[in-house]
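One chain follows as structure tokens, the form predicted on its own.
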Amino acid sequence: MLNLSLLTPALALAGLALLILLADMLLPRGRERWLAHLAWISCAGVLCLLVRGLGDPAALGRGTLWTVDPFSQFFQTATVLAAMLCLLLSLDYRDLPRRQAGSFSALMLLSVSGLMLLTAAHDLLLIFISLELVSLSSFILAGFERSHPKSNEGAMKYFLFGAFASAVMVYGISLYYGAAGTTRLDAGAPPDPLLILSLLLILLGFGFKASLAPMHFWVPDAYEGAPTPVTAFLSIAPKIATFALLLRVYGAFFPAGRYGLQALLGLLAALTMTIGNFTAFFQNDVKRLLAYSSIAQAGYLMIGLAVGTPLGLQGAMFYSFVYAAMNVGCFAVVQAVGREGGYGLDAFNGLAKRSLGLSLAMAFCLLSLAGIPPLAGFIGKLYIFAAAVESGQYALAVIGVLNSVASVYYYFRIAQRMFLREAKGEPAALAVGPYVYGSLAAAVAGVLLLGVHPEPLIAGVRASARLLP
């Protein structure tokens, strides 16, 4: 196939996943943890490969079904970085069966490989295959704790909604083929009714992976039941990779303004933000609360797509990167606290007296998600809202600002319990592993540094916001 070497990082990760599966069968019992280390080291190696290729003309080009450009390189880097931090979290996750460390790590790497292919795809066949690779791996990962009823329930709901979304998307792809005569997205087909209908059905399939309302119903149960490192992964990597695809399809190949989809995308953004934020008010389980927060964050990213301007594209790219740091930080603390006290809000009572460092880290990440200056989340939201104002979509900007203000309430519910409430009885001591601390340190550093000094990332985003024709 033409220029297959352009996909070397994604194919290398898939090959390493198969190698880990093979090693899992051959290694003697008690050595499985080595495979978990091999998985995150593999991600680190691929990350170095991606960073080395940034801006290198030899690493850019078009293939038969894919395009590797600065845009896809940016999102691949963010996806692999998030996956590496989540794999580090899994090393300190007590409920992950040691004997299944190899299969767990291989599934994570296969999912990341699919996401990397997804960010570069410009043909609907490769998009569908990539999404199915991600979905099948994610279904298994979400139900990995087979002894927990909530894990089984969440995985089943995830699977059923995923199967429905895939069926609708396949039907949309068939309509697209009928309208354009090809599955390539760069066909330049005119905006006739059949093509518009196909784009709407394909959007439904993409919206499932991005957890856009009203395709979000699977999210709270799947996130609550999945192992915490998997929840962190599902809330970040598939979302930002799918948004890369949405920006490519509905921002470059089929601009929303030209094909009459801009109002719909704006409505989806407003609906997703509002449903995510206002449903989070009533959650008493932190994983479910952060699940609805994740839905709301998808709404903010949708503003960048709905705006359809270069500034909107750059805003979505910037916010995608900082969102990965914010969410990894939150779930690292949730894993540390939930290990002893469960995931209810009560488990965070008096956390500041038990571990001031964890409390401050959680507070920084929550404040950043709420868009409080001078943290990275504020810069990202400012970027996106400025794009909406610049394009004249004032209503969308106002809805985004009001939703950000509303989100402060439920984020502060957690902060208030950490700093202002006393724990009931004698709280259990927190046994936080070094890998959790490592992931948390990286996430908090990103939240703080990119808030105070965002210029390097902004420059990187501007250089990467270039899609090859």
Partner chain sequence: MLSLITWAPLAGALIVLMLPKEKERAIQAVSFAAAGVSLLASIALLAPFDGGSAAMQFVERCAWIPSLNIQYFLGVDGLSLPLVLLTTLMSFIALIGSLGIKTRLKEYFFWFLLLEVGMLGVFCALDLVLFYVFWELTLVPMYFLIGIWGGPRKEFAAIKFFLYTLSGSVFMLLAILALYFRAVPHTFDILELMRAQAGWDPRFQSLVFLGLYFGVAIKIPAFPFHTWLPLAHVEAPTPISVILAAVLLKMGVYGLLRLCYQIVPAGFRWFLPALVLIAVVNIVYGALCAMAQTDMKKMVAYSSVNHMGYCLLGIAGMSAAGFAGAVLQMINHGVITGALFLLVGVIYDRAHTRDLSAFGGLALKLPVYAGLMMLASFASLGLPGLSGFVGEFLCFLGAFPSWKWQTVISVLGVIATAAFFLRMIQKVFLGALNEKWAGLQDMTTRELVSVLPLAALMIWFGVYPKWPLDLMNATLARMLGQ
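Positions refer to the first chain, counted from 1. Being a predicted model, the structure only gives us computed values, none of them experimental.
The form predicted in complex with the partner chain is left out here; the points below concern that form.
Listed residue (452, 11, 21, 445) with a non-hydrogen atom within 4.5 angstroms of the partner chain in the model of the complex
Of the candidates 452, 11, 21, 445, 452 is the one lying within 4.5 Å of the partner chain in the model of the complex.
In the model of the complex, which of the listed residues (311, 189, 84, 91) lies with a heavy atom within 4.5 Å of the partner chain?
If I apply the 4.5 Å criterion carefully, the residue I get is 311.
Name the stretch, out of 75 to 83, 98 to 106, 393 to 401, 242 to 250, where some heavy atom lies within 4.5 Å of the partner chain in the model of the complex.
In short, 393 to 401.
Within 4.5 Å of the partner chain in the model of the complex - does that hold for a heavy atom of every one of 379, 382 and 419?
The answer is yes: all three residues contact the partner (heavy atom, 4.5 Å cut-off).
Look up in the model of the complex whether residue 408 has a non-hydrogen atom within 4.5 angstroms of the partner chain, and give yes or no.
Output for residue 408 is yes: heavy atoms within 4.5 Å of the partner chain.
Tell me, yes or no, whether residue 373 is in contact with the partner chain in the model of the complex, where a contact means a heavy atom of each within 4.5 Å.
Residue-level check for residue 373: yes, a contact with the partner chain.
With a 4.5 Å heavy atom cut-off, would you call residue 263 a contact of the partner chain in the model of the complex?
Outside the cut-off, so no.
Taking heavy atoms only, is residue 275 within 4.5 angstroms of the partner chain in the model of the complex?
Taking the distances in the model of the complex, the answer for residue 275 is no, it never comes within 4.5 Å of the partner chain.
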